[in-house]
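Okay, here we've got a single chain as structure tokens, the form predicted on its own, with questions on binding and movement later.
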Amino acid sequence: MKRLLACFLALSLLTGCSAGKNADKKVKIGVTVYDSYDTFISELMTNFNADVTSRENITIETYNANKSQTSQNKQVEDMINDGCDVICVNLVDRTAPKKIIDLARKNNVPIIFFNRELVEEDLQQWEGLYYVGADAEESGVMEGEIAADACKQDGADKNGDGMIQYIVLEGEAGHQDAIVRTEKSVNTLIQDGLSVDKITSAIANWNRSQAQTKMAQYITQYGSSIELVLGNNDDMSLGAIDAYKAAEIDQSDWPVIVGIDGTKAGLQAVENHEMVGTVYNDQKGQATAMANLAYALATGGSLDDLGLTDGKYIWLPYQKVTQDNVSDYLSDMQ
């Protein structure tokens, strides 16, 4: 799957670069991210910048919205005024893209939303709006499958009651990915034949330190009754690991811990047997797809070979990572 995807993206890159009507035009791409300190977004942007800057006649203007939709709206306005040909937006609030869409349509500047999916009806408001990302439902199902396999192993049901007591560390309240990942991971456990018992859940805002604080409280409150921790992303699962380390609890007594995103730190935790697995969110694939689409839009190139669904979406598949294949993914990070 990884090799096929890499071949497809490489072909798309060559096609996109050759098809532009204005291939020699100097292109200016604007980017605004919801939070540059988010580990996955940071790694995605590193890949995007490397891809774009390897091409001729392209400059990038990048902003950090620092979790403020108001700031992000102003950044988009500034980038339009600065002459950006296309703008890539990692939305702060997926339910509030109206100002950005209105600015883009008024000034005829295409917008590529990425990673944080906006409401479908909003994306249909204008032909110059696109989305690059992955299906949150798929990630939740895969996380549940990884967790189910681990929980069926001897020793996972530490109290021997025939049920798996679990905690969920969730992203932002009301965030689509957080809601879907939580629901699908738990439902998959049940569909896989496991009896589960929810201890509690906590909003940790995708943040490692917030997750560690929450988990430290739960370790004190619930102790060894915690048999599974489902993190909506790797950073929060790593925060749970940090809490167990800080509590000086032997690793053999830790619960099953699973994450999503396949960040470098998350993959290393899988390699070290601290997490049983993670779900790889294809940061390189998303970066390349976004770069290809931005370049084609800016130069008047064809979009036919870029893998668009319904003329609007580019979806990159998630992939399950466990100890069996984690070395393959870590080698790709080098």
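The numbering used is simple: start at 1 and walk along the sequence shown. Remember, predicted model here, so these are calculated numbers, not experimental data.
The same protein also has a form predicted together with ligand BGC, omitted here; what follows describes it.
- With the partner omitted from this view, the residue of 58, 269, 41, 298 that lies near ligand BGC in the predicted complex is 41 [heavy atom within 4.5 Å].
- Shown without its partner, this chain lists 115, 185, 212, 72 as candidates; in the predicted complex, only 115 has a non-hydrogen atom within 4.5 angstroms of ligand BGC.
- Contact with ligand BGC, judged by heavy atoms within 4.5 Å in the predicted complex, is confined among 193-201, 73-81, 176-184, 245-253 to 176-184.
- Taking non-hydrogen atoms only, residue 34 approaches ligand BGC to within 4.5 angstroms in the predicted complex.
- When ligand BGC is considered in the predicted complex, residue 261 lines it closely, a heavy atom lying within 4.5 Å.
- The closest heavy atom approach of residue 206 to ligand BGC in the predicted complex falls within 4.5 Å.
- In the predicted complex, ligand BGC sits beyond 4.5 Å of every heavy atom of residue 292.
- Taking a 4.5 Å heavy atom cutoff to ligand BGC in the predicted complex, the one contacting residue in 277-311 is 281.
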